[in-house]
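Have a look below at one chain only, the form predicted on its own, in structure tokens format.
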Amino acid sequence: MNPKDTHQTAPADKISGGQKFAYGLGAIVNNLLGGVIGYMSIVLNVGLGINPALVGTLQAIPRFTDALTDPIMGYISDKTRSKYGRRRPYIFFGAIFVGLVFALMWQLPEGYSEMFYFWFFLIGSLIFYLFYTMFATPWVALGYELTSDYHERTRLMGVMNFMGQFAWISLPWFYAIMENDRFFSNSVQGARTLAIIIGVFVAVVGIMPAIFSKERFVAPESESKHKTKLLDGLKSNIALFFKGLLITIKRVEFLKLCAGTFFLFNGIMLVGAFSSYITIFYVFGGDTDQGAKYMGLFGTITTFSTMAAIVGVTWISSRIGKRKTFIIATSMTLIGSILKWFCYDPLVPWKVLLPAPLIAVGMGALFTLMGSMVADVCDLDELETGERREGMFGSIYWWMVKLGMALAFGLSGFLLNATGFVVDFGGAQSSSTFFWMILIDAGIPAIASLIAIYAVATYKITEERSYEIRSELEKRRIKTVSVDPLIQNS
């Protein structure tokens, strides 16, 4: 009989609504931190006059360093021994520190040179991403280990991704808030105030997963004496780190997921700023207030459509499988990206909103399904290596994402310059400039969607294979639980 027809999630594998909600709060913070600089950085160009290429560089450099620190943080988290768990201490303190640093880095004084702002913001960004890694990498790993059930993983990731969309509801409106003349004298002052509000929110809400989530794999009391030995034997730890790193990046099914995410997510991120500039300067002829409002509307429609897509994807994947669901959803994003070419119309401005629901389907599926599929890969890895390495897998996965984001943000400013765009021209850009801006905005995400579909098309961990892996692991744990340095807390 087909396992899909008989499988029922065991009570021990179910995650309570409160646990899912607590973990989902971390998604709101994670998405907010991941996207906020991109949405607020337009102030650096429009408000402070920094060249778009420098703004792109400001976003790229910290993300390169962030990508390097992620695997290290994943390794540290996997190897930590503490009565509070492997993940929760880092989540708690990381949320507090990253919120504080974010509030401070946007307190940009007025009247200084372009290079002063460059170095001020660059230093702040490097510190910000260091603490962001401290929070996010253990939080991601925690989600992979909260349950061992094939479908409960998807349901958890569905709740997480659904809640995380609340961050995206607010993010597209940040520029409109900062530009609002009723609240602030200029966008720079708006950025200062908004950053403080965001920093406090991140610190308060970000600690909730650490307080209320329950780790599934914890160190036994007999191992607590080893919790301070992480820094001992530095040479040995470095060797173990690189050994684990090599094992992780050789996992073929995992690499397929990384490639699919890399191209789909970062293809959209690469042209994120283009949509804003096209809306403001082409559709609305340089009217920043009207452009900002439509940017906010586009983002809000995208977010609510993503929420609906998450619910649908979670349901459909239990019927046809995670891989097929991903391919269908990404195909919708492909269609939406192509539709952009026809929807930038100064005579009918509301048409810019039409592609939003289609693009949202693929993005809603992406982190709902990928998190669940990476967790399945973690089980396969444990079966073959005997180790639980959610932190390493999570960090490498997000390393791929952040590496792509660094490239995307770094290239976006140069691409914008290459089109001939000059911010001082406002809505008087040349027709050639607008042509290339729209072509890049529509074409790159479409091509990236096709590559993502190709990358994931041969992913082989089916539901049936997942049950086989789970059964073999449970048999092994029964035999080794008395000597395993990590015991399952169930």
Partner chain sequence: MKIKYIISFSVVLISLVFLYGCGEDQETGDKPAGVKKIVITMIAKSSANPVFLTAKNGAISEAKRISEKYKKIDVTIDWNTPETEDALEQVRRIRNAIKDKTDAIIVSCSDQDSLTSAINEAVDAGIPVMTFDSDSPQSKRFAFYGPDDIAMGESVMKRLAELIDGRGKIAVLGGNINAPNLRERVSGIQKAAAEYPEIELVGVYYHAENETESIREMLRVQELYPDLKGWAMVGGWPTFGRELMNKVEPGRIKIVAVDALPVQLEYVEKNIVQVLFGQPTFKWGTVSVETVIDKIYRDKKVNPINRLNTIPVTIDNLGGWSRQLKAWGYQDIPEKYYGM
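Take the two forms, superpose them, and find the largest set of C-alpha atoms that agree within 1.5 Å; that set is the rigid core. Bear in mind the structure is a predicted one, so any value in this text is a computation, not a measurement. Positions refer to the first chain, counted from 1.
If you look for the form predicted together with the partner chain, you will not find it shown, but the lines that follow are about it.
Under a 4.5 angstroms non-hydrogen atom cutoff, the partner chain in the predicted complex has residue 286 among its neighbouring residues. Taking non-hydrogen atoms only, residue 282 approaches the partner chain to within 4.5 angstroms in the predicted complex. Remark: residue 114 does not count among the residues lining the partner chain in the predicted complex, judged by a heavy atom distance of 4.5 Å or less. Remark: residue 177 counts among the residues lining the partner chain in the predicted complex, judged by a heavy atom distance of 4.5 Å or less. Only one of 295, 415, 194, 271 comes within 4.5 Å of the partner chain in the predicted complex through a heavy atom, and that residue is 194. In plain terms, the part of the chain that comes close to the partner chain in the predicted complex, with a heavy atom within 4.5 Å, is 343 to 351 out of 96 to 104, 343 to 351, 131 to 139, 397 to 405. For the partner-free chain shown, 180, 181, 182, 183, 194, 197, 201, 204, 205, 208 of 180 to 211 come within 4.5 angstroms of the partner chain in the predicted complex, judged by any non-hydrogen atom. Superposition of the core reveals a Cα shift of 2 Å or more for residue 433 between this form and the one not shown.
Comparing the forms between this form and the one not shown, the C-alpha position of residue 89 differs by less than 2 angstroms, with the core used for superposition. Once both forms are fitted on their core, a CA shift of 2 Å or more is seen for residue 423 between this form and the one not shown.
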